[in-house]
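Just so you know, structure 1 and structure 2 below are the same protein chain in two forms, each on its own as structure tokens.
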Structure 1
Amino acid sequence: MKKIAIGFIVLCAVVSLVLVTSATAADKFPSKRITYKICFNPGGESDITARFQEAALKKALGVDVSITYQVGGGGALCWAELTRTKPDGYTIAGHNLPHTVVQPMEMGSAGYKTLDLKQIYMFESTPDVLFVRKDSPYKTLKDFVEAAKKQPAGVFTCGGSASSSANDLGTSMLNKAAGIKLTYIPFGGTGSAIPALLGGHVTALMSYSTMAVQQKEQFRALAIATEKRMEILPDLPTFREQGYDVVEGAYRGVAAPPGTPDEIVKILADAFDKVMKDPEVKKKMDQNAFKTEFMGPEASLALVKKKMVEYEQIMKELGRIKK
């Protein structure tokens, strides 16, 4: 009997200790270094944004943040790994649309499901922009579309980053809206599609708004796929202004492993909110034509769900997934 009593006391002590420590752990989140995983190569858009945020993020969270890379399968490797990570909020990963919506749709075994990823914050987007070379005869989108219509379908080629990316989806939206047929040619990334247009190997290039700043010496931007013009690119008209309903781009944010407690997600989201409203960070993002977004967990989830419906429709039309 005595043994049982002692056992009971010990058990109570252990349980309460566990409860107390876990309670303080939640109270004091974060109390140690946070790992911020980037799912693409260093130097890409995701990495550059993370580097812009790094210093402010450390300040906002009060702990060290280490940026690490896990690259493979167009991001799938990293996201699949994230779903198997301990959901304590100490490991978060960059999260990209349309990738995390399209990959599970397209691949039988992407290793994760779109809604497995717990949304924390969606902080930026890079809208699609259609480019031609500076010396091209097409001065406006109208010139380009009319010229494309005069050619047999498919003669005009349009490069972009990877297949089933925002560039690819944007091109097919334009094809549909303008009644033309551009042949989309996927390249290994945003950067590797640039020389194809520089060297004139493709007629046009569907790329991101960042390139409108980076390549402004060599490229002529024809239209941007946003609802209204971007502040940093005031002279660049939208597709809509010119009569084509194309609004598309890549979104970037951060996600946590499935099952991460909501309180922890909120702390992280608040930190990111603070970071994105930091004037220093905002200035750098604007300069490079990243469009800042301020979507907390609910808004991000709503966006993901909206995009899931939208992309499924396009992917079916493209024949990428079975109807």
Structure 2
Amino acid sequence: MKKIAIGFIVLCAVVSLVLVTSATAADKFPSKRITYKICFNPGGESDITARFQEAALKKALGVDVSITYQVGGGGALCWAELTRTKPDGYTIAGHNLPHTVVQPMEMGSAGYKTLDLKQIYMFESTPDVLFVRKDSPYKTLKDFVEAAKKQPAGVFTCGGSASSSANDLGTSMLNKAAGIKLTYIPFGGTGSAIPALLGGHVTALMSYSTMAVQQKEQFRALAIATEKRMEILPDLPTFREQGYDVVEGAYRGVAAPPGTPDEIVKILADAFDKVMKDPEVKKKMDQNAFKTEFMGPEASLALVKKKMVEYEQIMKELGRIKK
């Protein structure tokens, strides 16, 4: 009986120590520079957003924030590395839907699992937009589809940001809806996809609403993959308006390594919430056709789980995973 009592006391002491250590870690966090990893090339939506956030994020956290890049595998290299990183809150990474849902589903072994990424905050979304160059002969989506049907399968190419991405899925959806066969060409991010279209290396680009603002002098937007027109782009018709059922886009947020204490995640989430409500940050987001989202850890995780179900069905319908 005495041994049981001693064992219970020891157990209580261990539990108390763990709780005190966790509380102390959270109380002191952050006390040094935080590394904010971007999983794509500079110049894309993830990078642009991080740069919009940078000054306000440093102010909200009270420490320096270093934005770094780890490119490869359409983001998979960065996310896989994040799951092996020390879970102390000092290394976080931007992440994207559908990438982090579809990659493990389609690749089988992406180096990480969707739910390995601990959700901190989901701060934006951007719908797909189909672009051609401003000097392209295709003035409308109808022109583009009719021309694609006259070409041998695969001759028309469509660039985009990464495989297993919203751009990739949007291209597949357009192929199915329009009865055409565009060849999708993945790039390391929007930043590297833009020169490919400007240089005539691809016929078109499936990118995001942001490009309709940032590249309006060089690109012609043919359709946006939303249910209704975007307020900042009132003259850009939807795919549905033009007879093609294509609704797709990306959500972006930030995640931590698995095992990161909830107390630390909350501190980071509160900081991002403050940043995204900063008038200057919000103004820049709106002007560049980002749709600002305000989802904390629980709401972000709920969205991820919802999208896991939705994308599995979409991937099966497109024949990209087994039914």
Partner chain sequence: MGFSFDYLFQGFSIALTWQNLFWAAVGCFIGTLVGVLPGIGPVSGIAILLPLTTVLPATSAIIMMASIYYGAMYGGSTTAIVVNIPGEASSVPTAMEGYELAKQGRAGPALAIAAIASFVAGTLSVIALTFFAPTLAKFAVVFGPPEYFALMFMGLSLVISLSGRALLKGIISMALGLTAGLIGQDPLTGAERLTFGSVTLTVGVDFIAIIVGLFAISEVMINVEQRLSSISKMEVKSWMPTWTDIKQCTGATLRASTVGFLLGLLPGCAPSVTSFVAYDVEKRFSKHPELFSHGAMDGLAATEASNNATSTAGFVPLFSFGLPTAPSMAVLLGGLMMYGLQPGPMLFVQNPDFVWAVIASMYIGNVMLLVLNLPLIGLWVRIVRIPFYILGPLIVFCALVGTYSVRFQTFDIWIMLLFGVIGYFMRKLGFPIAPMVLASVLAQMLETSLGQSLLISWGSPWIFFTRPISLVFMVLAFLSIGRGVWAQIKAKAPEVVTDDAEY
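Residue numbering: structure 1 sequence, from 1. If you superpose the two forms and keep the largest set of C-alpha atoms that fall within 1.5 Å, you have the rigid core. Note that the structure is predicted; figures quoted are calculated from it, not measured.
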Displayed copy of the chain that is the form predicted in complex with its partner chain: 1
Motion between the two structures between rigid parts - which of 269, 174, 250, 57 is the hinge: 250
Treating the chain as two rigid parts, how far in degrees does the smaller one rotate relative to the larger between the two structures? 24
Having superposed the rigid core, state how many Å the Cα of residue 182 shifts between the two structures. 8.1
